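Single chain ahead, by itself, as structure tokens, in the form predicted on its own.
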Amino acid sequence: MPLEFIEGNEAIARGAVRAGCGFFAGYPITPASTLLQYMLDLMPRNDGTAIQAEDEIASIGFCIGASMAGRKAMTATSGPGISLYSENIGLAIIGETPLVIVNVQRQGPATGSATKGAEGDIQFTRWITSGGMPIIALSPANVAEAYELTVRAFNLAEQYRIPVFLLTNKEIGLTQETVDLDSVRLPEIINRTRASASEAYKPHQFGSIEQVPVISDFGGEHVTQFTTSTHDQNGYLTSDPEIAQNMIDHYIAKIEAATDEIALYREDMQEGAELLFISYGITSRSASVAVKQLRDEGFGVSSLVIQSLFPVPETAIKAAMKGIRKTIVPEMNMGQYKLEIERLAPDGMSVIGVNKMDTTLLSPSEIIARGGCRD
């Protein structure tokens, strides 16, 4: 395939098709609307189904149903829409439903600036449902990564039976770049593990607490249950405190036990560096330019670009911070992921947030100046 000039939303749609997505539902909302348009075009041509639902709540509900019936499913929205998704995200977690949720972030709060970018939903995504259940969230920095991480999002959703978020923003979703998608290295496609027709089946059966249950498609080989309420491994409602806690521990353990396996990041470490940049998403592109400028001036600087925001790749972050005097965390919000860095920082290390929510991108010069990188 020759070089193409495409936007991030189209790359995500094509990544979904490559991953085997068979169902999409969404509702128009800037800056995610073109993703809906691409899926409406691509799904019928690839043996899939795409629906423009009546609203955001219906969109994610349709996707949960399609996923439990056996289809790989994806939905997409932006800030106000992700708020409306929240109850059904809890349902996807308690029902252990594989699902990809794309959030093309925009300036907020509330309606905010619908045509302006930001990365303001980071902590909301992590804590979107009751009880602090862990989720998986990936963050691309460009069009090629949007394509790759979409495939990885589907793999993770299928592997761990969990909703997986792809957090982009207006700048990535609607900005066109020259890419060769055939040159993007993709992982092998992973499909959910299904129960055999001959075996007795419990929809949430696990032995060890971190084990991911096999799945049986609704309408298939087994009679199964699916509920929004507290349930046991059979999917039957329960008020037994011990069973309830065991299920909660399971939802947490299956993700926390796989944190290092899920971790995705790019590191550019310089021996002897005392300054570290930790960045993600669109802001990592400005951070990389800032790193180069400082190195050209003779400063020792290392860089860690995080692609899997949650679960937090603690092992990689702690390793990157060894010997570091100051860590700079630039973000298009008022300091959300900085909180994760601060709790991992060793005593005596300074963590400086460079934050901005005026609808414009952080520039390399702003990051250097406001981060006190030359001090």
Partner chain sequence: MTDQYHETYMTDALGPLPCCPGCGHERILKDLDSALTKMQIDPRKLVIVTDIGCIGLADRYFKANSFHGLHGRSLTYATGLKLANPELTVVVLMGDGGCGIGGAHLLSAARRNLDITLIIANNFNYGMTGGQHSVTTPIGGLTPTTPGGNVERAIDICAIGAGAGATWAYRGISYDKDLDERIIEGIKHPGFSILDIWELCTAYYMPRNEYNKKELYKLIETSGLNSGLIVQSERGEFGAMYRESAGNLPPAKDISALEPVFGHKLKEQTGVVIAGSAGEKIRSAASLFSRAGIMSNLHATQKDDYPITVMTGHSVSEINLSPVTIEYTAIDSPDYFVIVSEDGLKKTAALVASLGSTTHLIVDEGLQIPDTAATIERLPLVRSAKKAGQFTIGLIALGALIERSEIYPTEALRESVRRHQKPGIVETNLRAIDLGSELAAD
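Note that the structure is a prediction, hence the values are computed from the model and not measured. Positions refer to the first chain, counted from 1.
Beyond the structure shown, there is the form predicted in complex with its partner chain, which is absent from this document and is the topic of what follows.
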**Request:** Could you check which residue among 32, 66, 309, 329 gets a heavy atom within 4.5 Å of its partner chain in the predicted complex?
**Result:** 66
**Request:** Note which of 183, 178, 198, 111 lies within 4.5 Å of its partner chain in the predicted complex, where distance is taken over heavy atoms; exactly one does.
**Result:** 178
**Item:** Heavy atom of each of 55, 88 and 220 within 4.5 Å of its partner chain in the predicted complex
**Value:** yes
**Request:** Given that the partner is absent here, state which listed stretch (185-193, 147-155, 132-140, 285-293) has heavy atoms within 4.5 Å of its partner chain in the predicted complex.
**Result:** 285-293
**Message:** I'd like to know if residue 174 sits close to its partner chain in the predicted complex, meaning any non-hydrogen atom pair within 4.5 angstroms.
**Reply:** yes
**Message:** So in the predicted complex, is its partner chain close enough to residue 317 to count as touching (4.5 Å, heavy atoms)?
**Reply:** no
**Prompt:** Taking the shortest heavy atom distance, is residue 227 within 4.5 Å of its partner chain in the predicted complex?
**Reply:** yes
**Asked** Is the gap between residue 62 and its partner chain in the predicted complex 4.5 Å or less for some heavy atom pair?
**Response** yes
**Residues from 333-371 in contact with its partner chain (non-hydrogen atom within 4.5 Å) in the predicted complex** = 361, 362, 363, 364
